[in-house]
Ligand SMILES: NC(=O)c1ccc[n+]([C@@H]2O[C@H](COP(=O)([O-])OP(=O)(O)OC[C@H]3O[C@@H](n4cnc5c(N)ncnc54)[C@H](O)[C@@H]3O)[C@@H](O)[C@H]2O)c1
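This document opens with one chain alone, in structure tokens, the form predicted alone.
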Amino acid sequence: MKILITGGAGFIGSYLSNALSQNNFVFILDDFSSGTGLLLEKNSNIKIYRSEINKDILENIVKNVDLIIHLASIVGVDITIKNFKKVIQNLKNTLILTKIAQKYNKPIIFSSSSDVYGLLGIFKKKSFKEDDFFVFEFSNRWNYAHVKCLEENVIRLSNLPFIIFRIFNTYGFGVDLKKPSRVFASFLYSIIFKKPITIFGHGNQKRAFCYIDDTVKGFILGVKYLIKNKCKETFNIGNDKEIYSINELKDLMIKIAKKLKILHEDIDVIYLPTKERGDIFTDIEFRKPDLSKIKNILGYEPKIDLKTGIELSFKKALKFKNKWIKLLQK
């Protein structure tokens, strides 16, 4: 198959492009504003277009592919709170891409976010299901989530075959390489470079963390299913087997770093009030996916536990440490 991946030089995009290019030809469209391409493997089955979402470039690619995977997006709570115009650009890009996909009748896999469930993690201390109601408050904190909901609707109303994946806390080396801000990325950066760890709030917020390889396997199952069945489905994707608080994640990462001799002693931990992230910031106390639908339909099953995923992330971070330093200095 020929596959277009927008945002293919980013975190999930790089791992997914590497995996799919083993048996398919992959076109990557990425402006490298947040993606780095650091993890992209050399492969004659990958062709990169360094560009923003552009109608002319998209037209030339889309008409020749079998499937579109739309990952390109502005992400990160701090960025999306402070720059609403960039978040709206996510919606504009999805509108442009969907219109061209309709012209050539191409199926789309769209990467949404667990953030669309909004305040559900405050009211419901159970796993989130795809048909749960969304609950939001009026705050810049939810700019990103509101736009993701709109993007989902754009995909649904296109009348194209689609799969929407709502991604729950995918982690691994490669997140936020230029500016580590999301929780796993910031902890990894702090430990590798022996800087103080910063935690917003009390650190007891609970998350279900999913290693990148499991997320990629889910996407590949989605590719095969969408091509075969021309479906219109929305799935949670993540890991439902383990749930850790932010403090527990921090403790486990420090413990494993000592085992791997990255750290020889504890490092400082700084707790900041959540208001430091914005004047109205509501953090979610609980977030875990119900995966019964994706397991039943796609046969998806996450395999990698958090301890193993952290070790793999540290080892990859050490392998790319010098190149990572150069990215941080730009």
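All figures in this text were calculated on a predicted structure; none of them were measured in a lab. Start at 1 and count along the sequence shown; that's the residue number.
The following text describes the form predicted in complex with the ligand, which does not appear among the structures shown.
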| message | Check for me: heavy atom within 4.5 Å of the ligand in the predicted complex, for each of 217, 236 and 298, yes or no. | response | no
| query | Are any of the heavy atoms in residue 271 no more than 4.5 Å from a heavy atom of the ligand in the predicted complex? | reply | no
| query | Wondering, does residue 52 line up within 4.5 Å of the ligand in the predicted complex on heavy atoms? | reply | yes
| Does the ligand get within 4.5 angstroms of any non-hydrogen atom of residue 33 in the predicted complex? | yes
| field | residue 206, heavy atom within 4.5 angstroms of the ligand in the predicted complex | value | no
| message | Counting any non-hydrogen atom inside 4.5 Å, which residue from 188, 147, 71, 101 sits next to the ligand in the predicted complex? | response | 71
| Of the options 198, 245, 158, 113, which one has a non-hydrogen atom that comes within 4.5 Å of the ligand in the predicted complex? | 113
| Thinking of the ligand in the predicted complex, which stretch from 25-33, 299-307, 40-48, 261-269 has heavy atoms inside 4.5 Å of it? | 25-33
| message | For the stretch 158-191, I need every residue with any heavy atom inside 4.5 Å of the ligand in the predicted complex, listed N to C. | response | 167, 169, 170, 182
